[in-house]
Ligand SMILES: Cc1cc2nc3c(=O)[nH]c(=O)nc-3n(C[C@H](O)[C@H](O)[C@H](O)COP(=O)(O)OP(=O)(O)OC[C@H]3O[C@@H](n4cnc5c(N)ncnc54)[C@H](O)[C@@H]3O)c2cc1C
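Before any questions on binding or motion, here is one chain by itself as structure tokens, the form predicted alone.
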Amino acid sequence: MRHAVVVGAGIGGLTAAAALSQRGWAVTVLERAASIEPVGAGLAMAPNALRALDVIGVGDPVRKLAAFQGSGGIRTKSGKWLSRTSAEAAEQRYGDPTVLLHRAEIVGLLAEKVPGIELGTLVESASEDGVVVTSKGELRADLVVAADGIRSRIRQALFPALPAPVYAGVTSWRFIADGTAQPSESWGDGQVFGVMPLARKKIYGYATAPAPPGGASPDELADLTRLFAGWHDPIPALLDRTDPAKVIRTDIHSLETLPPAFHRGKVALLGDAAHAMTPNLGQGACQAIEDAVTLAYTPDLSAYSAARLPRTTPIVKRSRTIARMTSWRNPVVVGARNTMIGLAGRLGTTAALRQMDAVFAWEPPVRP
């Protein structure tokens, strides 16, 4: 039986482990953390990711746990709608809308599909011939899946000349609070605030703002309240209901230059290790899930690189472009940006959806 070692028990690594196990591989998952309880809040699963999850039998359980997103869109900080979206129109066009759920819920569903996970295991190196050296010993594999994140040590070893991830110039905050709200993302002068309903009357909130990298505050919620003072409802009330201990701050980085291939020898790069992107399209986890299912169903690693590199490259670039647009602070430039979005929004939800066809209309290499 062929043996695969998956480095990293995040969403991409767990999906790869589940898909490879389904394909008859013996799979060992190595995770350096002491548990797989994820750090995070809400997570968007777009139609392309749901189709990939269908292949391993997780699509429907995700749909049952997730909140159906109604009409939403982009607003200004005063609350004016610039463009509107429709979950119903998306479902008609792609077979599914984008749904949201807590990151821990999808991790739990994926973990149920994985035979076993070796926690507290640091991977020190992985060579092209499939030798994996860990803090607990050495393993030999027919396939090594490097799902070890944006700071991937394996990627760095395979492609030492590749530039390191680049700071996007903004930091982010994420949290979950009680309540209900209409989904929206509001753009200000360099700042963004997103409000997304989850199931069971919970709201996933997220925000970004320009900041020096590596910053931190003893009271992140107080900083958020100050940064977004005067913004439209329900933002102030949502922050009032937020537990200060539950606010997560993360600097945003991305790979400006992707590796020339997503494999070398017996090693395949997956997810953020291959194509770390800014969160502006909500496609980071979705593309990792696509990677995992494609990897399990392609005949060899050359075919995997040939399928995934041209697929993910434009998504990384497009997401980074949106990140730059949201970080603009010059009032004249911001006004021009908002006018452009408003004009596009007047074309209707169908026109807005068409812009996402290249992302959402992806089909997995095999149907369940």
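The first residue of the sequence shown is number 1, and the count goes up from there. Everything numeric here is computed off the predicted structure, so don't read it as measured data.
Omitted here: the form predicted in complex with the ligand. The next part is about that form.
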Please check if Thr121 has a heavy atom lying within 4.5 Å of any heavy atom of the ligand in the model of the complex.
-> yes
Any of the heavy atoms of Lys113 lying within 4.5 Å of the ligand in the model of the complex?
-> no
Using heavy atoms and a 4.5 Å limit, would one call Ala147 a contact residue for the ligand in the model of the complex?
-> yes
Does the ligand get within 4.5 angstroms of any non-hydrogen atom of Arg153 in the model of the complex?
-> yes
Heavy atoms within 4.5 Å of the ligand in the model of the complex: which stretch among 255-263, 218-226, 270-278, 177-185?
-> 270-278
Exactly one of Gln191, Ser172, Ser127, Thr76 comes within 4.5 Å of the ligand in the model of the complex through a heavy atom, and that residue is Ser172
Is any part of 1-18 within 4.5 angstroms of the ligand in the model of the complex by a non-hydrogen atom, and which residues would that be?
-> Val7, Gly8, Ala9, Gly10, Ile11, Gly12, Gly13
